[in-house]
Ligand code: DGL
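For reference, the chain that follows is the form predicted alone, supplied as structure tokens.
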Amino acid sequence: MNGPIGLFDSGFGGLTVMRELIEWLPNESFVYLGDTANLPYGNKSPETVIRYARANAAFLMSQGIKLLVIPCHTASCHALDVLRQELPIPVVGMIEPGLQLVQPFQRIAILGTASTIASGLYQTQIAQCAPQVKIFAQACPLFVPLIEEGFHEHESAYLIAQSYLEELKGKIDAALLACTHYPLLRKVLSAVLGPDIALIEPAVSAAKSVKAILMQKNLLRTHPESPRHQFFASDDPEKFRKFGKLFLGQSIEKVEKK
């Protein structure tokens, strides 16, 4: 029960989920893997994403994790069920936490990578759990590269967001941010969609789910020492260390090469 919680994402985005996990589970240790050598996942085939996910999960298992979180929505869409079948530990994705938050709304945009939107998984799940909701699915493939390069508040981000989202104005009352990077675009998205449109982020709901699973399975950390957070990147660890602060909300002292 004193083992760490593992997370993997294609890059920095999953740190926004780790940020909430640290808030909700301050005594837990975490191991985060940014698969930066293979980002972005959003334009990859399902088979490729599953292959990356298996490799990432195997690496994190070698670190002795007790629970795996897949903050990457694309990997959650394509690899969650596979990893749940193959791994001996609990695996938490982002789809179920996101679904818990859509119930109060009538007209929802799903904003995600091309692969997430093409999978149709969010659309199908929302239609099943909230059939009253009208769904507008919109792929936003340039958002992740913009954010990864630090252009999330640049004028170009506004122009690209307008191109993707202009037709949604007046048609929705909420937008589900189905990518861990997109919370960094909140200012841009609110400016384009309007301040009255609710922006739904599954990270808090995911953190609550993780805490509930740990309690249910008696896996909450009991070790008296301070928690330890480790970070790995499959490419350019120094860039990950510098940019990671923007997503995690605190400095990252060390990033190791996977």
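As the structure is a prediction and not an experimental result, all values here were calculated from the model. One-based numbering along the sequence shown.
Keep in mind that the form predicted together with D-glutamic acid is not shown, yet the notes after this line are about it.
Practice prompt. With D-glutamic acid left out of view, choose which of 91, 174, 144, 121 has a non-hydrogen atom within 4.5 angstroms of it in the predicted complex.
Written response: Only one listed residue qualifies here, and that residue is 144.
Practice prompt. Report yes if any heavy atom of residue 42 sits within 4.5 Å of a heavy atom of D-glutamic acid in the predicted complex; otherwise report no.
Written response: Yes, contact at 4.5 Å.
Discussion item. So, residue 179 and D-glutamic acid: in the predicted complex, are they within 4.5 Å at any heavy atom pair?
Written reply: Yes, contact at 4.5 Å.
Discussion item. Partner absent here, but in the predicted complex, which of 226-234, 209-217, 50-58, 34-42 has residues with a heavy atom within 4.5 Å of D-glutamic acid?
Written reply: Of the stretches listed, the one contacting the partner is 34-42.
Discussion item. Going through 1-38, which residues have a heavy atom within 4.5 Å of D-glutamic acid in the predicted complex? Please give them in sequence order.
Written reply: Those in contact are 9, 10.
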